[in-house]
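Take a look at this single chain in structure tokens; it is the form predicted on its own.
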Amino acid sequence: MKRLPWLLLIGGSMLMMGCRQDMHDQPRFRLNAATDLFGDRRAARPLVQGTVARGMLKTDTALWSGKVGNKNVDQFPFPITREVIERGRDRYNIFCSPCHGLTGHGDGMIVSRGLKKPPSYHTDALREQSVGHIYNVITNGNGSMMSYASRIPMRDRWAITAYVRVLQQSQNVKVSELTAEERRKLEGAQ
């Protein structure tokens, strides 16, 4: 009976010797290394012609480029919901507010650091621009603004565009468009 623990320990040790590290270190090719396995001697295999990554088949040009032909789109390519606007606000605060400020007046932190002031979204010229134009500026950059195409996914760029429209409307409401109750609240605040 006293031998049983020792026998189990020895038996377990023998079983463990069967598990070798080389089972984990599988043979593989290093990127850009030469190999004799393939006729072209390249270890990295070229993609099959016509291969497109999942979700990257860019057949909807309005969605992917913000344009139809050479003209910027006037309508969003998908429905704008509360969730899209909230996502846009979140992404705007991360990527855009350092330059454009939280309200879009071009008074972000970079201005206080001595860098060039970006345009305000609340000028008549920018309020009249199409949503495709705003999307294209985010995607391709403009002036001293860099392209955000590699940093912000396509749907998030549209969400930011929707939030910029919300900012523009929030700062440019005509009193005649307000309801009677909203006018009373406005007059009470003054």
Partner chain sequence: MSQIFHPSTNTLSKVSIVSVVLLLGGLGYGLLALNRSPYVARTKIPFDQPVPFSHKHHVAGLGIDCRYCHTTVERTASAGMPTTETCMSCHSMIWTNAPMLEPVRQSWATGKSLEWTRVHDLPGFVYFNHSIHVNKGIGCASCHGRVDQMPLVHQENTLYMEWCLDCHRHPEKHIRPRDKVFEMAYQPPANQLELGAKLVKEYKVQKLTDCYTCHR
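Worth saying up front: this structure is predicted, and the values here are computed from it rather than measured. Numbering follows the first chain given and starts at 1. In this text, rigid core is short for the largest set of C-alphas that superpose within 1.5 Å between two forms.
The form predicted in complex with its partner chain is left out here; the points below concern that form.
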{"query": "Full three-residue contact with its partner chain in the predicted complex, heavy atom 4.5 Å, for 26, 31 and 95", "finding": "yes"}
{"query": "The unique member of 42, 155, 133, 122 whose heavy atoms fall within 4.5 Å of its partner chain in the predicted complex", "finding": "42"}
{"query": "4.5 Å heavy atom contact, residue 110 and its partner chain in the predicted complex", "finding": "yes"}
{"query": "Distance check, residue 58 to its partner chain in the predicted complex, heavy atom within 4.5 Å", "finding": "no"}
{"query": "Residue 115, heavy atom within 4.5 angstroms of its partner chain in the predicted complex", "finding": "yes"}
{"query": "Its partner chain contact in the predicted complex: residue 64, any heavy atom under 4.5 Å", "finding": "no"}
{"query": "Interface stretch in the predicted complex with its partner chain - options 159 to 167, 66 to 74, 140 to 148, 49 to 57, non-hydrogen atom within 4.5 Å", "finding": "140 to 148"}
{"query": "Large Cα shift (2 Å or above) at residue 32 between the shown form and the other one, core-fitted", "finding": "yes"}
